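The form predicted on its own is given below as one chain in structure tokens.
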């Protein structure tokens, strides 16, 4: 069984004064992987300027735009068609010896191999008062601990748009107990890494037709590395494993590596940006 998704991404920027020059990079193209196939995609801007593609440091395709004219307003439109294969995220066996399983996390070679995703970052750093907020139980397997973490975060935090922004410290999010998907994901990564489990931040699209919580723009979830299983996707915002409704674009250490839009604009004064994403699905045999 397959699910076909039609994804529409749009962004509109308005500037108080004339923009003399600008550079943008979009990280919004769904990747090709074992569970999803990018069938087609289109991208355009209102100035009809040429765009280019490149590959970032994590191997994901980006779109670069450098307008050749001055402007006060510019909009971007992208469309993607993706086919997702239905996969059972629980299709693996748990180890019998939980103590030996957790001991794998202490292996120095393991820690060196996955160092980038065990590293603290600005968005995944916790103060000492919160480092033990979710300790692992070594009588459980790594997967069971991570699944418990996923559930704990979904109950601890309330999904509340507009109360945080990308620069809100993780300590503030824990104290206020609310945020959006990127906050849930940063907390997941911070606590998984604190317990020696490699975790990476994932950006993508979520089909919300099943009542899932998620931003009206890009969605965020996490992937944790489970020894002898591999990378598994966890969505702490919705307390589930990433499934057919999750369309991955990229991963990185935190939001900084996965920001959908980065840019430099040479213009004084105020500006406004409006983003929107629509995800439609159709089941296929």
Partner chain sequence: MVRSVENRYIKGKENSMDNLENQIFASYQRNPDLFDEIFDENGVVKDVYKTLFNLYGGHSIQDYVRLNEKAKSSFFNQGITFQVYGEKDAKEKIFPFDLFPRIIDTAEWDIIERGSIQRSRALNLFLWDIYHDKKILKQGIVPLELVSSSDNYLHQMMNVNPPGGIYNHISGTDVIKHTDGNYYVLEDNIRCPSGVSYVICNRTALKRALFGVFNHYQTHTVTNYAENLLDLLETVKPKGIDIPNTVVITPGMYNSAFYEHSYLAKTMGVELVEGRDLFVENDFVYMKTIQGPERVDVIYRRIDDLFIDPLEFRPDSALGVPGLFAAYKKGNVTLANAPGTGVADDKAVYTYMPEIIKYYLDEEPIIKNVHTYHCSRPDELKYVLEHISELVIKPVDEAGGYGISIGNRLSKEEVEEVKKQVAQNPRKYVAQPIMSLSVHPTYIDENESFEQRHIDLRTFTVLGKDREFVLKGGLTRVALKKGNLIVNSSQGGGSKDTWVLKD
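Residue numbers count along the first chain shown, from 1. Because the structure is predicted, anything quoted here is derived from the model rather than measured.
As for the form predicted together with the partner chain, it is not shown, yet the points below apply to it.
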Contact with the partner chain in the predicted complex for residue 108, defined as at least one heavy atom pair within 4.5 Å: yes or no? yes
Is residue 217 a contact residue for the partner chain in the predicted complex, using a 4.5 Å heavy atom cut-off? no
Using the partner position in the predicted complex, report whether residue 85 sits within 4.5 Å of the partner chain, counting heavy atoms only. no
Is residue 253 close to the partner chain in the predicted complex, meaning a heavy atom pair under 4.5 Å apart or at it? yes
Quick one: of 239, 56, 46, 37, which gets a non-hydrogen atom within 4.5 angstroms of the partner chain in the predicted complex? 56
Partner contact check in the predicted complex: of 146-154, 200-208, 95-103, 116-124, the stretch with a heavy atom within 4.5 Å of the partner chain is 116-124
